[in-house]
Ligand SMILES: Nc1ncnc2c1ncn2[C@@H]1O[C@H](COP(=O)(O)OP(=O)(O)O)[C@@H](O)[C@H]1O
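What follows is one chain in structure tokens, specifically the form predicted on its own.
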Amino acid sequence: MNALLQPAPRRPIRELPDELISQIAAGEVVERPASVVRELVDNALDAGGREVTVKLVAGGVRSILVEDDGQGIPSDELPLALRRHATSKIASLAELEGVVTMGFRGEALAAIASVAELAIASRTEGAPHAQRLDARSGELVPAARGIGTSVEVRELFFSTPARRKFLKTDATEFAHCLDAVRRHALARPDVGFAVWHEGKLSQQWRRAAQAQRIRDVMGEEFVEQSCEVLLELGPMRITGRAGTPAAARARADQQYVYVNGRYVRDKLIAHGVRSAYEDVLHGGRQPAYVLFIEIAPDRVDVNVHPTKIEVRFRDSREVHQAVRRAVEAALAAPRAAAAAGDEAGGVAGVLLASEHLAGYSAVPAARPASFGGGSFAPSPMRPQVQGALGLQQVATLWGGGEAAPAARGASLSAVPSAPAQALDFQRDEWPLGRAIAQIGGVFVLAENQHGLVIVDMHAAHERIVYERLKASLGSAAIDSQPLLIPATFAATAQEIATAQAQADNLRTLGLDVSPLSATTLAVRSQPAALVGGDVVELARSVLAELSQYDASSVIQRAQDELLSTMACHGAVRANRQLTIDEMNALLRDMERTERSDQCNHGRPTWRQITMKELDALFWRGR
């Protein structure tokens, strides 16, 4: 018989030694040098430090020194600071439930001291000199330093060599340490940070305003390719910046979320942000963002994990919805209109984010003459969708209720008629400029104040149709089609409970899902627009989301996916020859349509080529 399968001889129950207890706790708190840096910088900020310096040797494996100019620790409290569960941050359950400090567990210094050589020197205001305590020997001696605290950690994991073998190269560990300080720097622009490595200054962030600190930490490119986020909703306030879809990255290495100044990784918030990018982000690209969530301390529990990087909200769905709304609002305004409003100053009232399309405020009064006798009607391409998702014929969507002739198809613009001379305009009046030509039946060329604009007419029109379909559908239910033979599948207890509790919401999506037995669910109807799809997989995915996230957001997302399919089929196709008036009307629609910089699949709808770039192509000025 295998020795591993044999029952172990019984051993008596006894208390663990204090040193082993500390080392077990250290395994949760101290994973690598960056963990030590994070904990020590937390303490420096809680002490009121305005300047924090981090000095590293060998990526922090050989030595970590964190210095601050905070309040300091009285000499008689220094030995107590190194004991487990000793802290000045909280003293009662009430304070634990409303923590406002970065640290509160009283475990960090004791955990670090159990796996490394630690010494702490501190001086308070009024003290003649500092006192230095060696954690290993317990010796307390006078030391020279200003008001504040210095914590030195040497030979990390020297007492647990097996843990040390799991560390990466010095360069990798230093990169993690630098990222730990960067996270603090983003949240605390009122504090200056400096990071030294091997005796050389590697990074420094001076005290500055929040906007400048984001620029210093994230870089100029991030600020230029991001939108400001601002939402106040009851006791919650969300600020920061969200990167544009065009600036999305292959890796999720520029995603920072803070709750009351604490950097966190929360799946709920990440899902809320991702859902805001759903129909503007292409493929598996990752958005870049910096979000600061301010919420009453008693509405969030930070005592979830020893590393304090996870939190739990009292009303998680409220936070999810607020984050999604904040980011959606930031991304809604077309970048072309916003850029023109900032740089040229000739466009009044850039289109602001809203639940539905607002007015045509981003377009000047002088507009091109409408064509085709009254509206933009490219070709017989009216969206034909079986079941129509609860909508009537889509042909009347664009003309303010007035249907275009059947031979002309769905109207694309509600731009009123204007004299032909309206086309005589200054180049800075329209963000996307004036149409000048069409290439290959695919791209529209336009001239604006910056140079040349190239527009993918199908992608652009697809977004316009999609946004108007969303506004027209509103809260109407999606048409469903009964299944002749119900589709059944084995379901978990969670799926069955969700199907029963969310029956009405499922019907809103065109799904009729009900229990057939204690372990089986039956799908009796499906959305009419998705006939022929995998209805079981659809039901499973919807049930999974309904069990975790707010029902309204799940319904909205499912509806948007169906409308996106409609818009793709209903948009103007390649090789359709457009007149100059038709091209101009398409450009004007893009300027006033939310999220018009990307199509429904996240691909860009237009690109700007500046005069400087055109000059470079022909070596002008050389």
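Note that residue numbering begins at 1 and tracks the sequence as displayed. Keep in mind it's a predicted model, so treat the numbers as computed, not measured.
What comes next is about the form predicted in complex with the named molecule, which does not appear here.
Peer 1: Could you spot which one of F104, F313, Y277, Y258 gets a heavy atom to within 4.5 Å of the named molecule in the predicted bound form?
Peer 2: Selected option: F104.
Peer 1: Select from the listed residues L538, I73, A446, L167 the one whose heavy atoms reach within 4.5 Å of the named molecule in the predicted bound form.
Peer 2: Contact with the named molecule in the predicted bound form is made by I73 alone.
Peer 1: For the chain shown here without its partner, which stretch in 56-64, 576-584, 36-44, 589-597 has non-hydrogen atoms within 4.5 angstroms of the named molecule in the predicted bound form?
Peer 2: One stretch meets the cut-off, namely 36-44.
Peer 1: Is I293 near the named molecule? Define near as a heavy atom within 4.5 Å, in the predicted bound form.
Peer 2: I293: no, not in contact with the named molecule in the predicted bound form.
Peer 1: Verify the contact flag for A81: yes if a non-hydrogen atom of it lies within 4.5 Å of a non-hydrogen atom of the named molecule in the predicted bound form, no if not.
Peer 2: A81 belongs to the contact set for the named molecule.
Peer 1: Taking heavy atoms only, is S88 within 4.5 angstroms of the named molecule in the predicted bound form?
Peer 2: Although the named molecule is absent here, S88 would touch it in the predicted bound form, with heavy atoms inside 4.5 Å.
Peer 1: Answer with yes or no whether S114 is in contact with the named molecule in the predicted bound form, where contact means some heavy atom within 4.5 Å.
Peer 2: Answer no; every heavy atom of S114 is more than 4.5 Å from the named molecule in the predicted bound form.
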